[in-house]
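Consider the single chain below, provided in structure tokens and representing the form predicted on its own.
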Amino acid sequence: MTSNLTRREWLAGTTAASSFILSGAVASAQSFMTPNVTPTAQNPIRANLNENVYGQSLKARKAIADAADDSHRYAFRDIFQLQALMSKLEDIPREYVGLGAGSTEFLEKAAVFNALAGGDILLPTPTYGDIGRFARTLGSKLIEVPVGDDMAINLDAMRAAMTDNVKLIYLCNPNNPIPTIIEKNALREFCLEMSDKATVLIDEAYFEYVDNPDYESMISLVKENKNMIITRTASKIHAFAGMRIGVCFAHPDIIKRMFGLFTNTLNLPAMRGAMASYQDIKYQTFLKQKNKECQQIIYKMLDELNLQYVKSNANFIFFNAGRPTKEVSETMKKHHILTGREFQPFPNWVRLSLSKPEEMQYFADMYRKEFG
């Protein structure tokens, strides 16, 4: 069963996680700027965009800086090296790996293929909106299936909504703006069944943050199935939102088609930095721990205020404020805190991007002051 709405009962099981202490090697792996606990209008707390506020690892930054000496050259060799690294990390042949400027590039290309074939797109709602927006501009029909009562993607409802003209199925797992997951066995069964009828694209932008035994990447299905696409991004835990690196895993026929359609958009410094970042496991461990600390701070506030929320499997939280999302946004903006926009059909729910523990504590203090 996928994650359900939760309050205090989930906190009871997280004592071990909250007591985890990073080793000295991990803790000393980075040195950061003075924490921002006095935000201003010019430098607000950006709790609205699901970014990694710590930035790239020092190893990645050095690799990016060093790449300046070679940035006047074409980056063909680096493309092959980054492909080889992702192939090794995911234990998949290199010809199954495609690279792009963030995962959005793959979503848009998939929408183009679908439109050229005259197909409809089946997807949950709410979910990450880029592929839907792009598909609409191409004239494609969207078949949108509401999430279930548990706020998770409803696979049975998606099966029921399937038509003969659907040629692309989109699933974001973990989902966004609701950070639920799809239970791994149910998802695998769905993919095997539905990929006989359409291409199944699973957007795994937040998979690094997941710490849930019910979750599993579907990347292994790519080896077995010609109609599966898995997308990943370095924009989240790797902090490449402004550098743009994405990875696509699919059958070689799909990879060739994707990268024969548009000119390659990658740049050498971004690829050099990504290669360093993907191998910097200590920094990723540090970031995941900080994310857990942020979750605990917000869960504590929500429990105290008796507000409903969804257990998070990502670097953001979705909670029911009991008042319009826009009211929360405007009120918190007075304290120089930016929160997520309204997502229909949940006009009272807030998507809060997690940043640093001290910033989340500041948010919690200001929220209690305004709404407690």
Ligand SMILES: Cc1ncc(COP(=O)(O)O)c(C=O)c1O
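Since we're looking at a predicted model, the values are computed, not measured. Residue numbers here begin at 1 and follow the sequence given.
Keep in mind that the form predicted together with the ligand is missing from the display, and what follows is about it.
Taking 4.5 Å between heavy atoms as the contact cutoff, choose which of S103, T199, Q295, T180 touches the ligand in the model of the complex.
Partner contact (heavy atom, 4.5 Å) among the options: S103.
Which residue among A239, A205, L99, L268 has a heavy atom within 4.5 angstroms of the ligand in the model of the complex?
Flagged contact: A205.
Can A111 be called a contact residue for the ligand in the model of the complex at 4.5 Å between heavy atoms?
The answer is no: A111 has no heavy atom within 4.5 Å of the ligand.
So in the model of the complex, does any heavy atom of L107 sit within 4.5 Å of the ligand?
It does: once the ligand is placed as it appears in the model of the complex, L107 has a heavy atom within 4.5 Å of it.
Quick one: is N154 in contact with the ligand in the model of the complex, heavy atoms, 4.5 Å cut-off?
N154: no contact with the ligand in the model of the complex.
With the partner left out of view, is Y128 within 4.5 angstroms of the ligand in the model of the complex by any non-hydrogen atom?
Within the cut-off, so yes.
Only one of these stretches, 251-259, 228-236, 67-75, 81-89, has heavy atoms within 4.5 Å of the ligand in the model of the complex; which one is it?
Of the options, only 228-236 has residues within 4.5 Å of the partner.
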